[in-house]
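Okay, here we've got a single chain as structure tokens, the form predicted alone, with questions on binding and movement later.
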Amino acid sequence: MHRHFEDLLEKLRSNLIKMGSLVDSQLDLAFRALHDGDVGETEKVYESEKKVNQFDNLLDQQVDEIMALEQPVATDLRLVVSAIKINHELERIGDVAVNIAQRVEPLKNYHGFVRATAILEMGDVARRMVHDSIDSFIHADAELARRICKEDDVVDEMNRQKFHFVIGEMKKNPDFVEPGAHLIVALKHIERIADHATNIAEDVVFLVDAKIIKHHAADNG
């Protein structure tokens, strides 16, 4: 393998890690804005989204260059394929962070309801999954990636519990119908974050172990 090819792969890997860090920060901003009802803070989420999209375009260009000029095989090909898929998942997580930020305005006057739902408890788990999925990529840690896949069930169960709580509050108090609808949407967004983190973890297992575990729950253990 010549040096130029090694440099291209390292730049691809480095930019993917930088994008992951940016998305993690974007989630932190979105969740804090939701918790505090801080509409002004959402502008930072939208600004961060522009940077995420720039990384998305850059990574696509890097992949195109590598595939066109270097024709990678074996482990190197798995890295490039995984980078394409992980880039897509990170870009989608960035989109979800924006969607969560858009819930801040209609929920800003319902701090008590938002906090009683403990939606950020679920958000913390989903964000940790994203953070750990990036770590599993950085360290080529397939075991960590497999553990992340199992956490998706935890988020799904939290979503079910919090959904029923919100529905119950909406039934008891008509004033909670509109904010409750926004909370349900936010819960679904957080569930999607966990799904995207799981997809990244599955890609890491493919990268490290050359094994496809998507839709094969029995292989996740």
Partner chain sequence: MTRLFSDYKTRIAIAIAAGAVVYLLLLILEDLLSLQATFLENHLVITAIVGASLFYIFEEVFLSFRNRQTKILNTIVDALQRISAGDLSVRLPESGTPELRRIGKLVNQIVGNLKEDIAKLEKLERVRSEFLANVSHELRTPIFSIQGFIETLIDGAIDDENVNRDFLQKAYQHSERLNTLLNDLIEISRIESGEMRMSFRYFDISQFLSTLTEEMQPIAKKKDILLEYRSDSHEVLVLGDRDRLRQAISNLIDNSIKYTDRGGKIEVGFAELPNSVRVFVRDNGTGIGEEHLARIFERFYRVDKDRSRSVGGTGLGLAIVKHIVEAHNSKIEVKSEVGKGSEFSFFLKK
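Computed from a prediction, not measured in an experiment: that's the story for all the values here. Numbering follows the first chain given and starts at 1.
Beyond the structure shown, there is the form predicted in complex with its partner chain, which is absent from this document and is the topic of what follows.
Of the residues 208, 213, 9, 17, just one reaches its partner chain in the predicted complex with a heavy atom at 4.5 Å or closer; this is 17. Among the residues 192, 51, 182, 35, the one placing a heavy atom within 4.5 Å of its partner chain in the predicted complex is 51. Stretch 131-139 is the contacting one of 89-97, 131-139, 74-82, 103-111, since its residues have non-hydrogen atoms within 4.5 Å of its partner chain in the predicted complex. Using a 4.5 angstroms limit between non-hydrogen atoms, residue 144 touches its partner chain in the predicted complex.
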